[in-house]
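Just one chain is shown here, as structure tokens, and it is the form predicted alone.
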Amino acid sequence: MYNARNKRKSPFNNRNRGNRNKNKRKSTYERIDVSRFISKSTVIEKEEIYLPTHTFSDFKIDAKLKLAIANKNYIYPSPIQDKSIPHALEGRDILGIADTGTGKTASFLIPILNKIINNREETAIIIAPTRELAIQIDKELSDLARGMKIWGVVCVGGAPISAQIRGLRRGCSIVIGTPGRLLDLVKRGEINLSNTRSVVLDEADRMLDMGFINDITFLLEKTSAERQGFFFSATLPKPIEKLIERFAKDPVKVMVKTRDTSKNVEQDVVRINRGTNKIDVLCDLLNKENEFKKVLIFSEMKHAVEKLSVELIKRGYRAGSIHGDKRHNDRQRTLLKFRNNEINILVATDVAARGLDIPEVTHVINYEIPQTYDTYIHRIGRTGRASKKGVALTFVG
């Protein structure tokens, strides 16, 4: 335990206008036993090597798509790709229980792209919880669809909606977005989902946590009854299970058991004694440069994240912040700097807790206790990746 005293006309486009009412979202706190934040890492056992039953060249997909996959130097599919793509190519719905980093993006993009190549009237909608994840999916789409004249449009909050509307009106086959912005565009009449027959929910449980369940239900109701669904979630809470039962037809369930994060993340608490300046305690930790090489700090509120980041910069640290009030381009620049080690401290709200693959994070610091234990697990999952050791510290009063 740490102690504070120790230092084209788009097939989506339909110009009928609609209402633009927003759903109010609530968050609830969960009582968490602080002892759950303390756990020493264990010796990492050698992971069982998965032997795929296919190569990408075995899949019954268009030759152009096979070439695009080969150009990315993909030869053997990951477990979730190997288990789900053959069924998806047959038109089956897919329920994937998998974490970030398992290759699930390609497992839905490859079947969707193959469907569009075979029928240019096909369209797809991909719903993701955060703009960062939506952008990552779009990048993967751009790589796989290069030279095929298949375009996607990213529709996320925090970015100019006018540019997104122009993209939709120019024409696209795939829309990738966050629930709130997609809902807005559907109600404006800029997206028409009535003929959309491929639907992806990525990180469905995270969208539930964020209060988007009504939004995604509304969006799914607007799609074709003949849709093919790809539903991905790290966990399967009851509301998501009910959603899938309603909108999926006998889905193929693919479970990818990933290594338990806690096995190689050392977890501890930092006790903040009365009268102790919390940020001084944080700086005492960050001054141990040989240990705290790349640090992700979580705080609950947007203004608190920005305030902490500004204070760290004033004190001479290479820090940056991402939260909902920052402009889209500013967030992307900050994330790039963190990935490229131009800054080594990133202060964030939980928008960064899921969907982002940030390599070599040595420490996760919960500057404030998260609302739920599930959120805590997702936060600390940003470190201890690729069989490396990580450290997670939680400040408690």
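Predicted, not measured: the structure shown is a model, and the values here were computed from it. Heads up: residue numbers just count along the shown sequence, starting at 1.
There is also a form predicted together with a small molecule; it is not shown, and the following applies to it.
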The small molecule in the model of the complex reached by all of 56, 100 and 103, non-hydrogen atom within 4.5 Å: yes
Is residue 218 near the small molecule? Define near as a heavy atom within 4.5 Å, in the model of the complex. no
Could you tell me if residue 130 has a non-hydrogen atom within 4.5 Å of the small molecule in the model of the complex? no
Is it the case that residue 284, even though its partner is missing from this view, gets within 4.5 Å of the small molecule in the model of the complex, heavy atoms only? no
So in the model of the complex, does any heavy atom of residue 307 sit within 4.5 Å of the small molecule? no
Interface stretch in the model of the complex with the small molecule - options 291 to 299, 115 to 123, 71 to 79, 233 to 241, non-hydrogen atom within 4.5 Å: 71 to 79
Heavy atom within 4.5 Å of the small molecule in the model of the complex, from candidates 268, 325, 140, 311, belongs to 140
